[in-house]
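Only one chain is given next, in structure tokens, and it is the form predicted on its own.
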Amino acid sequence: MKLNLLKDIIMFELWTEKYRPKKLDDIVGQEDTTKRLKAFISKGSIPNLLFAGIQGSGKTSTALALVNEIFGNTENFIELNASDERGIDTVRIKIKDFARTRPIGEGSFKIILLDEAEALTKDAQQALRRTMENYSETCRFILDCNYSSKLIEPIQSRCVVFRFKPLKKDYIKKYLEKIEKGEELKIEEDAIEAIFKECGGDLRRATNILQACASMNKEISENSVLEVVGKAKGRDIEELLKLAIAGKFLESRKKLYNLMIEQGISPDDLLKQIHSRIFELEIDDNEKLRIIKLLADYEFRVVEGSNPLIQVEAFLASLSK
């Protein structure tokens, strides 16, 4: 019984954690950042750091790899998530108590990693600024956030800022191929393309999509990716638009019902896919502008609570005029 439970736990281990980089050399797509961080390590110390960039670009993984290379253990390190503990008491109690004590062992300083730092309230940020000042000899801070502008200027000025870029397709492909080898999968090229289009440079989301696909089949195709993310095939979206533009409303309506009801594509996702597909159609630029304006109007109506199916039908009817 216990053995089977252990096997289940291993089987459902999150790949985002299983394949999380342990060293700075393993971080993909952020070479300039890792090069500068290695220079700090070579000098035996680091300043306060601020990692800013979109989710899934490697901020937390880079911070953990940095800590691992400096300490090799967790005795002088603590990780907190500001979205869970965003009030001033977190700074006054948890952070301050950890920062004020001397490092354990041979370490010359401690490190506090504060995830989603922009979630801290303004009062908490002011308290954090004072803590960073008062305990600079015994503690260093690594703050990561999506938008550095949401942190007060005194905190930003006390940190060396690193900007994390969305990952390009080649880096995501390289990482997914590493998982493919480790999990004995077979990923088709069009599946990688579909994953990249969906994740938009977010490596965490790309990994989660791949794991969801692999839970159904070891062979990952474009169809399996689209099924997991709830998206339609590009050629189906293109066919829908061409039928409507050509004035064949009833045929486009039939295609719409197939996508939304039989395939289960949500109206929000369908409208977003239509928007991205418009620019690939071989039609006049003025016609593209007309379609985008119509799309914006009907997307707004859906967001405001109107019946999604009726609104998407009305959008197609407007195209067919």
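All residue numbers are counted from 1 along the displayed sequence. Just so you know, these numbers come straight off a predicted model, no measurement behind them.
Same protein, other form: the form predicted together with a small molecule, not shown, and the subject of what follows.
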Considering Tyr175, Phe77, Phe98, Phe109, which brings a non-hydrogen atom within 4.5 Å of the small molecule in the predicted complex?
Tyr175
With the small molecule left out of view, choose which of Leu151, Leu203, Leu226, Ile187 has a non-hydrogen atom within 4.5 angstroms of it in the predicted complex.
Leu203
Which among 252-260, 283-291, 270-278, 59-67 is in contact with the small molecule in the predicted complex, heavy atoms within 4.5 angstroms?
59-67
Report whether the minimum heavy atom distance between Ile54 and the small molecule in the predicted complex is within 4.5 Å.
yes
Is there a heavy atom of Arg301 lying 4.5 Å or less from a heavy atom of the small molecule in the predicted complex?
no
In the predicted complex, Thr33 touching the small molecule (heavy atom, 4.5 Å):
no
Taking 4.5 angstroms as the cut-off for heavy atoms, does Pro21 touch the small molecule in the predicted complex?
yes
Decide yes or no: are Ile27, Asp144 and Leu167 jointly within 4.5 Å of the small molecule in the predicted complex, with each residue judged by its heavy atoms?
yes
